[in-house]
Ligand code: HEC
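Shown below, as structure tokens, is a lone chain in the form predicted on its own; questions about how it binds or moves come after it.
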């Protein structure tokens, strides 16, 4: 939940998002009884069974959303059965080795835990970004285009958090800008995510120094300063400097869930109804006959040109002026270009005559078969569910466009 001035007021309708623990009950009944149903006449009738009412802890513990937490009694948590079988001696799998744990335990925490030694410059990061990232995230982190438009924007050229309070109350108002510099509270997440999940489709292929360089570049295009110093091309980021990074939106989220007191802090926040809604915790008859005060947008955007439609069909393609279109082009642009538009992904890129000639040495039937079944980092049919003939058409389009 993002904090902003007068955050108790919401547009259209108030919505409170709570993280509810599995062991939390918001509204337990005071008198819960279960009576067994009589069996058929031929069977011996059994006495009715009564389930004890929920027993709350003596200390009055509250769940993370402010609701009561009950005890499990006779295998029942309120009206729900709990499996209390002893669990031991499982024989599935084995304990991981220290090396296996180290290979996966690469998360980086805000306090620097897990952050390796290393260094990288903004200039080196710029070169790496152009080689491994720009094809999806756009130049200078401006966002993907075309078939790569689903990849997020990483920078808007500033680190101001002012836009996060925007709620589009006027037709020409801008919405919140949620990119690295304006929204992310910690740079540790950036380092960890790049090293563990990027670049697609070769995650965990970057060295510590390369990751430092990419982080330095991304911080620089977001106009982040470190210890009052701007990040120019010659700036070298290392572990010592990294620990001095303070992101603009570091304190922009409530409640604070960091540190050993995080769960307790979250419980305390949601247990106090003054922090959200109308300040009164209520489960029924909350308005007492009063008319709800609904806050609506001051300016409703409805003058769209052309008018908005509920029609879900894609607009008809105008092929009269453009001339005939290759039957495989559309699938290529929708699903194949993300890897084949550049050689940075390790796949033969569109227009590269030499690369495709090498692929075709195997024969066109082998090329089709590898693509349909999947090969190396490529999933079967590129991750699509099209027919074999449709997929072959996309392959033909790439081959014919690369002669």
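Heads up, when I say rigid core I mean the largest set of C-alphas that superpose within 1.5 Å between the two forms. Here the structure is a predicted model, which is why all the values come from computation and not from measurement. Residue numbers count along the first chain shown, from 1.
Unshown form predicted together with the named molecule; subsequent notes refer to it.
Residue 132 belongs to the set of residues with a heavy atom inside 4.5 Å of the named molecule in the model of the complex. Of the heavy atoms in residue 267, none are within 4.5 Å of the named molecule in the model of the complex.
Among heavy atoms of residue 192, none comes within 4.5 Å of the named molecule in the model of the complex.
Looking at residue 64, you'd find every heavy atom of it more than 4.5 angstroms from the named molecule in the model of the complex. With respect to the named molecule in the model of the complex, the three residues 110, 221 and 248 uniformly fall beyond 4.5 angstroms at the level of their nearest heavy atom. Here the chain stands by itself, but in the model of the complex one stretch of 200 to 208, 160 to 168, 69 to 77, 92 to 100, 200 to 208, has heavy atoms within 4.5 Å of the named molecule. Only one of 331, 156, 231, 187 comes within 4.5 Å of the named molecule in the model of the complex through a heavy atom, and that residue is 331.
In sequence order, 375, 376, 377, 378, 379, 381, 382, 384, 391, 394, 395, 398 are the residues of 372 to 403 having a heavy atom within 4.5 Å of the named molecule in the model of the complex; the partner itself is omitted from this view. The Cα position of residue 136 differs by less than 2 Å between the shown form and the other one after fitting on the rigid core. Superposition on the rigid core between the shown form and the other one places the CA atom of residue 331 2 Å or more away from its counterpart.
In the model of the complex, the Cα atoms of residue 135 and residue 377 sit 3 Å or more nearer to each other than they do here. Compared with the form shown, the residue 156-residue 335 C-alpha separation increases in the model of the complex, the change being 3 Å or greater.
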